[in-house]
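Structure 1 and structure 2 below are two forms of the same protein chain, each written out on its own as structure tokens.
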Structure 1
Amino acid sequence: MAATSTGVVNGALIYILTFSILILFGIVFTMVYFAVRYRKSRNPVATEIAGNKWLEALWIILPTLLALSMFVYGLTGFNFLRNAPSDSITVKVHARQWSWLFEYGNGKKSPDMVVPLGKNVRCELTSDDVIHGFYVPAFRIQQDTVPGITTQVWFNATAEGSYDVLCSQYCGLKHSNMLAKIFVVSPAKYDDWLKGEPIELAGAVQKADEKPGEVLLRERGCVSCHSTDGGPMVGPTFKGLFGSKVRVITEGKKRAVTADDAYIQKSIVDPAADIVEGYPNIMPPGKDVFSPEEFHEVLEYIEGLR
């Protein structure tokens, strides 16, 4: 199951755990033996014990060699996970508060990752705001995403199914909701999906009647902070927003504005310009989030959320 990385990580874990257990039992056995062997009833008068240079040298050399072997074992696995094979499929992983976005070589984007069975997959990781951690427990991979830096990790899934993606770095209010899935499918299904053909993904939440604007909001992570049903979230709800009067703070002054196309687009591109009363100023600028055509689809969808 899972990926080739499991063998490397599991091997290092078993190696370290085995020696740790052996050392634990060795120390406990020696402690009990000395407590019994040299108890007061057998040794009423303490015996002066002289130092032993060979024993002291052995006590220093053996733990040092053991620690170095653990380091080398771990470093080998670290390098293995960060040097993807040349035939790997590259998937760009965009992390942002509080969602993931996966981008493929043909420009296709999705909120969950879809990969072919038995193929090497190289994840190219970037962050749009703060430090996140791309963590897939089933594949034994974890790599931080750092603003301004591109990091990478790779895996090779050996069993079809769906696997959880978590964020391993605390990244703000909705850190625990920063979840996604990796769907492993057959190479044929993957090719169909990449071309835009519908395929069945076990465990995927799919809506047949999704509108283009709704898909875009989900893919770009907007619904992680803004609800579409009026429910309370970190940011204002989209339901009933279009055409309503919104109380905002602009340059420290309170005012009321109408939520029209221009306001919504400005709120996405420069969210700090007009901060909605009662909500924190935590939304990152979205200058390149949507193309002009995508903005039209998003505005049309929000307008319909009466």
Structure 2
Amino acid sequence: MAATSTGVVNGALIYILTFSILILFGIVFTMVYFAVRYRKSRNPVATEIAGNKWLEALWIILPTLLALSMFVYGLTGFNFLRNAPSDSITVKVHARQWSWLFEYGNGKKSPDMVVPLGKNVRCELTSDDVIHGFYVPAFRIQQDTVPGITTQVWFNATAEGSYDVLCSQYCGLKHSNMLAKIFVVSPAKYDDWLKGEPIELAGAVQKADEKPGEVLLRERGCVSCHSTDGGPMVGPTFKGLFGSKVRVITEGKKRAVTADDAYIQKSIVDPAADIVEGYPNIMPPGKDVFSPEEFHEVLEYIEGLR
């Protein structure tokens, strides 16, 4: 089992499944048996039975008790899932169209999540734009990320490996591409990774010849809306952007601006200020997406895209 929560949820699933199968077979068997046994050719005259108090009482009481037992089973599991132990490591999870960003206590940011084996991890979830769903099927955990509030979820991974993070709440065009991984590694490896040392992560995206700015654009989810080769996407391409004349709408008025460093930086920090004509105003504001040094790398990279 991939996490402690997996077993807890499976318990409820199996409990309900068992009774469901029994009930379904009971009903189908009775139905088919009656249909055959009391068919007209065998039973030409029906016997009138308008009801039976005891029988009806029985099938009110029994289903009610069974339903209540399922409720309690679900409730105990829910209590476990909802209450993170106090010794948990906290990871901030930012959801935005259409990528995830994981932020650690020491300021480290990563497009995938790396966690130590056997430790309690609490995720604080927020969204920069619309509602998304943080869903890790292997851990049996799911929680919506809602703009304006912080929600949370926790887990304790019990097997090393990599697990899918999916977006479960429909969030637009690339909802089905809003994926990430959780890498469960040994605590020692985790510490190395947190300090910024390179570690081997099975199945992680690794491209040898990427420029630093390129890595940043990929890791912070910019390339899910912007292409770097002129291809059409939800947002304008970065190719040839620098130095070009861009037609924008500022506070409802159309105007033309030259895309210099200042403009590009402003477009990232406060995208709603100047909206490029012909594009929707959906880019999430990125006040803290990049540190000043990172901004430098990104601008340099975009300048280079001629």
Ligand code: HEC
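Numbering runs along the sequence of structure 1, starting at 1. Each form is matched to the other, and the largest set of C-alpha atoms that superpose within 1.5 Å is called the rigid core. Everything numeric here is computed off the predicted structure, so don't read it as measured data.
- Each structure shows the same chain on its own, and structure 2 is the form predicted in complex with ligand HEC.
- Superposed on the core, the two forms barely differ at P63: its CA moves less than 2 Å between structure 1 and structure 2.
- Relative to the superposed rigid core, the position of the CA of G230 differs between structure 1 and structure 2 by 2 Å or more.
- Summarising the core-aligned comparison between structure 1 and structure 2, the C-alpha atom of P271 is found to shift 2.8 Å.
- Structural comparison between structure 1 and structure 2 after rigid-core fitting shows the C-alpha of V36 displaced 5.1 Å.
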